[in-house]
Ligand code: BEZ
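We begin with a single chain expressed as structure tokens, specifically the form predicted alone.
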């Protein structure tokens, strides 16, 4: 088992292998319905691609991410961005909305995230996001865990993909009114083969092996998935499943 693992992000690799993440985030932006002048927190802003888009709509944006490398990339776009663990947010009653795309499944302590978002929002503020839901990338996960198991290794998943009813219960337990929440299957075309995806997102798994053996593991997983995920045109399509939600911090006596 890996201990004290910290995910390291390479902005250039991310842009090459994972730009589809922000490109496919526009439906969540539309659900947010940002208004000029609103103060919005982008929770898990990454390299700031969506944060910049919201800024250009006239919103006052602050981005936070646990990756110093990604925050530097966001700052290079002229964004107000800072390194902060989303499970330890340090804001109080200052945002009209908290927005998050494709990040919350990395923050396995969902209760702490939700509590921090609640504290960050003004009364009546909204929490809008999309992230990996139950069943997300299950085919890829099964393949890489099987490959590691054949080597006598077991690695805890870096992600937590909840069912809608599980996440709704957490939101409501903190006092949010859940306006909408749903699980959305979204088969996703990769920019290359699944190896780029593994090298970008599956570090926790591949790091269980010595560096000299990781390439062999990735190649083995690519071949094991080729028949299932690669179509006749050579395109790789991964079984993404997203959980999308809109919740509101309702007023109570403490908000008066």
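Positions refer to the first chain, counted from 1. What you are looking at is a predicted structure, and each value in this text was computed from that prediction instead of being measured.
The protein also exists as the form predicted in complex with this ligand; that form is not presented, and the subsequent description refers to it.
Colleague: Within 4.5 Å of this ligand in the predicted bound form, heavy atoms considered, which of 134, 106, 91, 118?
Modeller: By the 4.5 Å criterion, the partner-contacting residue is 106.
Colleague: Taking any heavy atom pair closer than or equal to 4.5 Å as contact, tell me whether residue 95 reaches this ligand in the predicted bound form.
Modeller: No, no contact at 4.5 Å.
Colleague: Would you classify residue 102 as touching this ligand in the predicted bound form, given a 4.5 Å non-hydrogen atom cut-off?
Modeller: Yes, residue 102 sits close enough to this ligand in the predicted bound form that at least one of its heavy atoms falls within 4.5 Å.
Colleague: Determine whether any heavy atom of residue 245 comes within 4.5 Å of a heavy atom of this ligand in the predicted bound form, and answer yes or no.
Modeller: Residue-level check for residue 245: no, no contact with this ligand.
Colleague: Is residue 161 part of the interface with this ligand in the predicted bound form - any heavy atom within 4.5 Å?
Modeller: Result yes; residue 161 sits at the interface with this ligand in the predicted bound form.
Colleague: Only one of 153-161, 176-184, 80-88, 121-129 gets a heavy atom within 4.5 Å of this ligand in the predicted bound form; which is it?
Modeller: This holds for exactly one stretch, 153-161.
Colleague: Using a 4.5 Å heavy atom cutoff, which residues in 172-202 contact this ligand in the predicted bound form? It's fine if the answer is none.
Modeller: 197, 201 sit within 4.5 Å of the partner.
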